[in-house]
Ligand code: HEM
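Presented below, as structure tokens, is a lone chain in the form predicted alone.
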């Protein structure tokens, strides 16, 4: 009989949320038998995420700024990133996000099947992110194609394939930098970033590319996937859909953002982040050896009944303080405000411009497969 805290890929392939719920009930920290420890319970995820001295974010040879940095290096680069995510700067982007959302929703058919992720999530993510960064509209098709390739590579688990797709993205960003060599810093966000300094020196191209990769390569897919989760929730919870439509009509931005964050807690598409144990450590009754791979499973932690007694209950006010959708600790997501604004605006426009959202009877919904969370397909009908 195997260890009840062992975890196998077969257990999570069909339904990650259900599998994680079941495993978390047996033990807070699971082991795959091959050197990787997955932290499932809320308390242990928080403990590890807030202890970067023991659980380092330096997990790969590829330097990702600021995600793969620790300590002073992380703080220095994070200070640069945070300047682009202030409430004032996020507010400046709301009008362009709303214009894109309204145009996309208005173009969707009524009374026939709409592919939520492909027809709403992807174009909204690409257009709003490109507008924010000052990238040309004619890059949209290239970015959409790249998103599909990156998604397929991630699901494949093939590291060489994933690396090749990442290199293609880096080359595209490098081309955008070349076009801005002589641009003034106020030309757009990308040009502004090119004029940043750290420790008294200019950022290198490699560092600029890494920051832009973090802002786009991850965010494009995350926004599209989050829209799929939100729309699925609305289509399957008519009472909450009516409540949120009323909030949208009355322009209650704060309540809508709280609702969006709660929907993402219930079905967290940001499954996990990696860490590396720097020393032997005790966590959840398990001894994690120095050098071990550690996975912080946000999806499981956000459904821990010790913190959320009924994890599927929609209760934004009660659950907000413990919601880990955007992480916790020094690596808490710097783009939380921007992401919530974007998701709130697209949700507002969708609800304002429709009278109802239901699941399509022509095509089934399809869950994403590891390591991606959320829904691969959310066919809905708008009226």
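Residue numbers count along the first chain shown, from 1. Note that this is a predicted model, so its numbers are computed, not measured.
One more form of this protein exists, namely the form predicted together with the ligand; it is left out here, but the text below deals with it.
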Note which of 129, 162, 96, 236 lies within 4.5 Å of the ligand in the model of the complex, where distance is taken over heavy atoms; exactly one does.
129
Heavy atom within 4.5 Å of the ligand in the model of the complex - residue from 338, 30, 351, 345
338
Look at the stretches 244 to 252, 112 to 120, 281 to 289, 67 to 75 and give the one with heavy atoms within 4.5 Å of the ligand in the model of the complex.
67 to 75
Do residue 124 and the ligand share at least one heavy atom pair within 4.5 Å in the model of the complex?
no
Can any non-hydrogen atom of residue 316 be found within 4.5 angstroms of the ligand in the model of the complex?
no
Determine whether any heavy atom of residue 226 comes within 4.5 Å of a heavy atom of the ligand in the model of the complex, and answer yes or no.
yes
Heavy atom of residue 42 within 4.5 Å of the ligand in the model of the complex
no
So, 169, 204 and 207: all three within 4.5 Å of the ligand in the model of the complex by heavy atoms, or not?
no
For 270 to 309: residues with a non-hydrogen atom within 4.5 angstroms of the ligand in the model of the complex?
270, 273, 275, 298
